[in-house]
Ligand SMILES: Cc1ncc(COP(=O)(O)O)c(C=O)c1O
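Okay, here we've got a single chain as structure tokens, the form predicted alone, with questions on binding and movement later.
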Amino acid sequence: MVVESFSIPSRIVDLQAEAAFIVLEKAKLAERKGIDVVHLEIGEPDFDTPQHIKEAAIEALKRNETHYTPTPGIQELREAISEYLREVYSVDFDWRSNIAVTVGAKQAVFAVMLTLLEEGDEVIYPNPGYPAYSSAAKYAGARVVPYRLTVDNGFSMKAEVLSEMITPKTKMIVLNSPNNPCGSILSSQDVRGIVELAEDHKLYIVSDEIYRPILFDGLQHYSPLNYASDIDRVVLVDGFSKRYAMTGWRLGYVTVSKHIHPYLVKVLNIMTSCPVSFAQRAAIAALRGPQEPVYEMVREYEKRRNVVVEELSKIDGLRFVKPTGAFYAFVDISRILSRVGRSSEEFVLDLIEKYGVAFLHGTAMGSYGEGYIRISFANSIDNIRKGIGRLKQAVEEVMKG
């Protein structure tokens, strides 16, 4: 692609960035015009980072911990991550040779794809899904193979469907549970089946578990690590953004085989040298400090989820699956869109300008997201009721027209 006198490589032109930030900008522009906008588009906790975590960073600054650290993170943080993983998964990861701290979980995804994929490899990933999966895989030269998530399949991946998608070129399966944007979680049976399938075909599983603690209705989280006989082929991606309301701190981590680790660290070194020094001290406090702030957030999210379900149930013409994790509802509005002859993106922009509510259009999360909107309930119950109430008004006016 030629832009004025510059030629932009197709690998950059074809990348899909996070459109949530574009919608947020549109909503902010509407606010500058005097429109009262309810923000249900952005996937960010509306809670503050817990005080003990902030204080750990402040103390590190006072100690002048403002210099480079080792590329994969400081020893103390990697040890804390190893302890946490042992407690949660009953799996031993060596802090030296299995764990790397990253600048957000997104960097972990990108670095893993660049480290493991070659030109022509195939990657099966959820679509709708977090756009970094397909973008990073494409950038690495791989061919992306979308697994279509829908209301009808409960936004869930099944081993029997995956088995039909695997070819001799398949190298990796990406899982995300709890799922963004669908709010679904994988069952024990589903995860076990996918792990067995991946092991039979000697595939890597990249498991993004950034929303792991955000579960509702007493349900449990199941990870490939719980079932893998060979954890060297399971790559765990996680981070601090969602669990501890630390989105701006930009800290994540990844676990890999000791054979892969040196090459992953090389990629991270080229990308960012190292994570932020004092933020790593905050992450230690997050893992080893009181977890009650996390539990409080999850309890509040569950209350909000219940309100979302209650309010959406009042609107005719919508289809959705009750979210069981994360803080999103993914809603099928295809009936409304066909009535007005609009795409999901056009409809979302109309809702901002005409009704003062911002959601995320489904295609922001992949091509199979057309016909859907994502509702983030990382906002107050009052705003959730107000925002979905405005959606109800829009739908009623469309259906009457």
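Heads up: residue numbers just count along the shown sequence, starting at 1. Here the structure is a predicted model, which is why all the values come from computation and not from measurement.
This next part talks about the form predicted in complex with this ligand, which is not shown.
Using a 4.5 Å cutoff between non-hydrogen atoms, residue 184 does not count as a contact of this ligand in the predicted bound form. Put simply, residue 104 is close to this ligand in the predicted bound form: some heavy atom of it is within 4.5 Å. At a distance threshold of 4.5 angstroms between non-hydrogen atoms, residue 133 is in contact with this ligand in the predicted bound form.
At a distance threshold of 4.5 angstroms between non-hydrogen atoms, residue 241 is in contact with this ligand in the predicted bound form.
Only one of 293 to 301, 309 to 317, 174 to 182, 91 to 99 places residue heavy atoms within 4.5 angstroms of this ligand in the predicted bound form, namely 174 to 182. Among the residues 204, 147, 278, 211, the one placing a heavy atom within 4.5 Å of this ligand in the predicted bound form is 211. Put simply, of 288, 233, 143, 250 only one has a heavy atom within 4.5 Å of this ligand in the predicted bound form, and it is 250.
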